[in-house]
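Quick heads-up: it's one chain on its own, the form predicted on its own, in structure tokens.
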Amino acid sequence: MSKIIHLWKSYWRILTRPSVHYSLGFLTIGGFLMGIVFWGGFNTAMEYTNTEEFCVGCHEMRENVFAELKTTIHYSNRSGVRAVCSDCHVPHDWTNKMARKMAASKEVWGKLFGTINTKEKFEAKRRELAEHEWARLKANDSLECRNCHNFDSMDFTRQSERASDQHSSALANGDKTCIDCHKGIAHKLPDMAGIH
């Protein structure tokens, strides 16, 4: 027993005073390499959580919102460009992406505690969930939409008269953002009673 204690004490001394046994250069290079390994693992995990496979890995998403997405132009269209979950729900720039990932941890609690694990529970919370997402998009000026859709790239002459009028007005006034008019573009709208 005393050999084990002696061994632990010697390891503890090495850990608490590593410069006695290792050079500062070795520690610096070792720390740098460990940082690269950590960052690579972290970034790989973050990119994996942005894949469609990850997002629809739980039945709540696969059987509800993903099934709805499959019927929209964002999933299947003449140009073959498909938007995956993260294109619309996760900002592309790193700072906003990390903030969104932290906020999404609340969704993990929902999965663990089964708050939307049945179609009935999901439908009961649909409006609340949609309103949270609409508020988020309104607050960031529909940043995720603008990653693909840009007023500067729009040809208003090729749009319907109504769409052209609305987009021109929104561009000129700057008072509206994509989500103000395009709720329900990729998912079924909740019961909208009481909303204009």
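Quick note: we count residues from 1 along the sequence shown, nothing fancier. Treat the numbers as computed from the prediction; the structure is a model and nothing was measured.
One more form of this protein, predicted in complex with ligand HEC, exists but is not displayed; see below.
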{"property": "Contact test in the predicted complex: Q166 vs ligand HEC, heavy atoms, 4.5 Å", "result": "yes"}
{"property": "Heavy atom of R82 within 4.5 Å of ligand HEC in the predicted complex", "result": "yes"}
{"property": "is_contact(L189, ligand HEC) in the predicted complex, heavy atom dist at most 4.5 Å", "result": "yes"}
{"property": "Interface membership of H182, ligand HEC in the predicted complex, 4.5 Å heavy atom rule", "result": "yes"}
{"property": "Sequence-ordered residues of 163-180 touching ligand HEC in the predicted complex, heavy atom within 4.5 Å", "result": "A163, Q166, H167, A170, L171, K176, T177, C178, I179"}
